[in-house]
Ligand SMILES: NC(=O)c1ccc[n+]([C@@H]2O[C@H](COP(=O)([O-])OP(=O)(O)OC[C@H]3O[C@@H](n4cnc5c(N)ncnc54)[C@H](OP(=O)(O)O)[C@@H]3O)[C@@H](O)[C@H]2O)c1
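Below you will find one chain, with nothing else, as structure tokens; this is the form predicted alone, and questions on how it binds or moves follow later.
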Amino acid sequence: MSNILILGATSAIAKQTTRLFAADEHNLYLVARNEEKLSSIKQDMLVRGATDVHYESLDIADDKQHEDLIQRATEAMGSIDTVLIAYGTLGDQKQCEENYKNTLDELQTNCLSVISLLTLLANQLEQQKSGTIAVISSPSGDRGRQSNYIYGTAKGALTIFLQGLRNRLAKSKVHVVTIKPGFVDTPMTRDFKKGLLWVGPEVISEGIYKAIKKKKETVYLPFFWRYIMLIIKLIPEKLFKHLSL
């Protein structure tokens, strides 16, 4: 039995992953903004086998609340063994291009607030010399594209941060897992036209669960996104800048 902190617990991917943790009879601490949804998820997880479930409603992008949040989660469960950071936004690229404030909001939510949490969590797990930190990043951070380079910038910076953190924490037996889902059919992407590369959140959650259990480093989900992004990264910049991607 482990004590698991899930940040962004009401997202489609997080909910599916939490069900897998619940079936293993873990203790859960769920954090998201919508208290009504959290209450419903708590009851669902208890039915599915979770030993105990705590939750709190919080705007996780507000880094001023992070220290107290982690302290409350630690006190409620006794320790934090595994963390899944699964929140984020997919902002409007055009609005960000027109207004720096929108860009800053996207960077704060998708990168800076996550780095704030990771700094506090890394220090705590480093002291206890055990634990796993899993964070949802994105293949969009592998190369800047005109269609979503603001989002890609946030995820790219986060991925680099996680690489350094993994290197730092390895000697303390703390594992850092970078998760890069491709196209996922969730409420956040409901306005997107779906194609063959799209999968449901249950596919991603299975991959996340296995990556945490097996202490992986970086996983693309589904696996074929690793090869898609490899091809994209190999395109020469002279040609790439003319592509509509």
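The structure displayed is predicted, hence computed values, not measured ones. Don't overthink the numbering: it's just position in the shown sequence, from 1.
The same protein also exists as the form predicted together with the ligand; that form is not shown, yet it is the one meant from here on.
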Which of 75-83, 166-174, 135-143, 119-127 lies within 4.5 Å of the ligand in the predicted complex, heavy atoms considered? The stretch 135-143
Students should find that, of 184, 53, 69, 219, the residue having a non-hydrogen atom no more than 4.5 angstroms from the ligand in the predicted complex is 184
Even though the ligand is not shown here, does residue 229 get within 4.5 Å of it in the predicted complex, heavy atoms only? no
* Is there a heavy atom of residue 131 lying 4.5 Å or less from a heavy atom of the ligand in the predicted complex? -> no
**Asked** If you check in the predicted complex, is residue 10 within 4.5 Å of the ligand, heavy atoms only?
**Response** yes
Practice task
Look up in the predicted complex whether residue 210 has a non-hydrogen atom within 4.5 angstroms of the ligand, and give yes or no.
Solution key: no
Residues in 216-242 that come within 4.5 Å of the ligand in the predicted complex by at least one heavy atom, in order, are none
